[in-house]
Ligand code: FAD
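First, one chain by itself: the form predicted on its own, in structure tokens.
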Amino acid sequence: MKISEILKNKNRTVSFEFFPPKKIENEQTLFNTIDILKDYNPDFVSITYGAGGSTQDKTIEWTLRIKNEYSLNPMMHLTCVTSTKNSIDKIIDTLKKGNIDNILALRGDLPQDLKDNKMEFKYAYQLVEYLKNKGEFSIGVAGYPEGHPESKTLEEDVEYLKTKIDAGGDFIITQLFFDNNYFFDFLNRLEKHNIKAPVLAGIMPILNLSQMKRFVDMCGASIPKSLSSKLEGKSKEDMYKIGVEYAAAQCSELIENNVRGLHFYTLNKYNATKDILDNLNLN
């Protein structure tokens, strides 16, 4: 089912993100995670694309498997990096045959050895536009509450986001963030630019502080000093408890402020997402 249609009929969605395992021995972990989280009746699940399109075949495979074996509503990630019009056409044909309705269109991270002048799609809005003209897909795009790392200003960042929406983007999924004020400010900027697409909040609890610091460095997000101080020097068990409690409180505040969706970055593990949802008691 198209996510754009779901958003027309629901005040708030819940969704999960998975990534295709590169090794067969890691597939069981994902199977277990899906088995647990499907009981929370997600409105959709997304399947990521590896850096530089490195997991393209696996992404397609898992998109189809999740739909056919688990009867979940999948959204496949698709990036400009390494994609050509010919390769996109083949993927579109496969998705149509598999009755897949949703695509998240991204530029993707540029590998150091790739020159962007060799790319047929240099910007995400070009991919969005091409997909919109090729099929009846519901297309999501990425948003950055704290600004994309390559944007010079927040104003420039939201102007670029507008090009993606104007090209045919139906909804926005944000990069992870830990301070809801960044999210609320982001919504205000979108309103000023007359961007009315629904915005789904990207949620990832901090379960490993050093790992999360590497994540935020790459994506341009930040960890509040108060939260970082609480986590410093804590045991694995205490860090898990603090991270889950913080994320649950963060989600609760977002819900109180009528967030259109909560999109959980699961890292193929169910424990934290399950505990957060149980804490929220959304059913």
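In this text, all values refer to a predicted model and were calculated from it rather than measured experimentally. For every residue, the number given is its place in the sequence shown, counted from 1.
Absent from the display: the form predicted in complex with the ligand. The rest refers to it.
Only one of 89-97, 130-138, 188-196, 170-178 lies within 4.5 Å of the ligand in the predicted bound form by heavy atoms, and it is 170-178.
Relative to the ligand in the predicted bound form, residues Tyr49, Ala105 and Tyr144 are all within 4.5 Å by at least one heavy atom. The partner is absent here; in the predicted bound form, the one residue of Met204, Met212, Ile165, Ala124 having a heavy atom within 4.5 Å of the ligand is Ala124. Contact between Tyr160 and the ligand in the predicted bound form is found at the 4.5 Å heavy atom cutoff.
When contacts are judged by a 4.5 Å heavy atom cut-off, Ser151 counts as touching the ligand in the predicted bound form.
Shown alone here, Asp109 lies within 4.5 Å of the ligand in the predicted bound form, counting heavy atoms only.
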